[in-house]
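Just one chain is shown here, as structure tokens, and it is the form predicted alone.
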Amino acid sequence: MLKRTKAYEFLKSTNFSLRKPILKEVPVEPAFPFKEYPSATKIKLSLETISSTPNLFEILSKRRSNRDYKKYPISLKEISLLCYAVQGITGRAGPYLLRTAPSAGALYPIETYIAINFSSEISPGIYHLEIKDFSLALLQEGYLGDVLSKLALGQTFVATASVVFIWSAVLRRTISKYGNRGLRYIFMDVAHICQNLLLACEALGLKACPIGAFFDEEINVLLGLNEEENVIYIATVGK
């Protein structure tokens, strides 16, 4: 029965082997490397130094998914540090802006959206992380925790989290170079990013939980995504 599933078919169809040639696929035009909302109201993020945090191996040993949040506000400093951990720029290689998380071919197909439910300094709403100028672009005002909770198959802790990170994939960025196998790389990319978030939360004394169960199409509509961009992962952060 396993061999009849779409998942198995995809895995096998994108396998490389010395016994078979790597076939040339239908060409796909590359996408622009950054998504920006130039007319949106923006909040500049900053990176203040942290006085002290546990060492890496202590953080790794303590990391656990936590869903018990108390609707406590999160600060601009905390949000800034989490955004840096997720996709902060750390260097340049030719035209590529390298980040805190690796990406196949340095193509960075993942876009980050943040639903802020409770913050002491930022109004509730949905924001887009603008990579180049390290800011949050306001896309939709207002508390949307209850809406996101319903779209996450009724998981109530989404509504009580301080912030909700939502990651989408701009498929052409990676598939234009790697073809169908590129879909594997896209999911690897977002996993690297999410783990960075989880470890940063542990370092800051915050709690987090990744989510893979949600209504994809409805969240796509909520974020205003076109058919070439699709939500693929979510994580809640709270206190």
Ligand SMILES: Cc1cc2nc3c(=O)[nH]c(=O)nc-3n(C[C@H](O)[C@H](O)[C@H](O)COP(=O)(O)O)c2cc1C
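Not measured: the values here are computed from a predicted model. The first residue of the sequence shown is number 1, and the count goes up from there.
The form predicted in complex with the ligand is left out here; the points below concern that form.
None of the heavy atoms of Phe134 is located within 4.5 Å of the ligand in the predicted bound form. In the predicted bound form, the ligand lies farther than 4.5 Å from every heavy atom of Lys177. Among heavy atoms of Arg63, some come within 4.5 Å of the ligand in the predicted bound form. The ligand in the predicted bound form comes within 4.5 Å of no heavy atom belonging to Gly205. Here the chain stands by itself, but in the predicted bound form one stretch of 96-104, 155-163, 138-146, 112-120, 155-163, has heavy atoms within 4.5 Å of the ligand. The listed set Ile193, Ile211, Cys201, Leu45 contains one residue whose heavy atoms approach the ligand in the predicted bound form to within 4.5 Å, identified as Ile211. In the predicted bound form, just one residue of 67-92 lies within 4.5 Å of the ligand by at least one heavy atom: Arg67.
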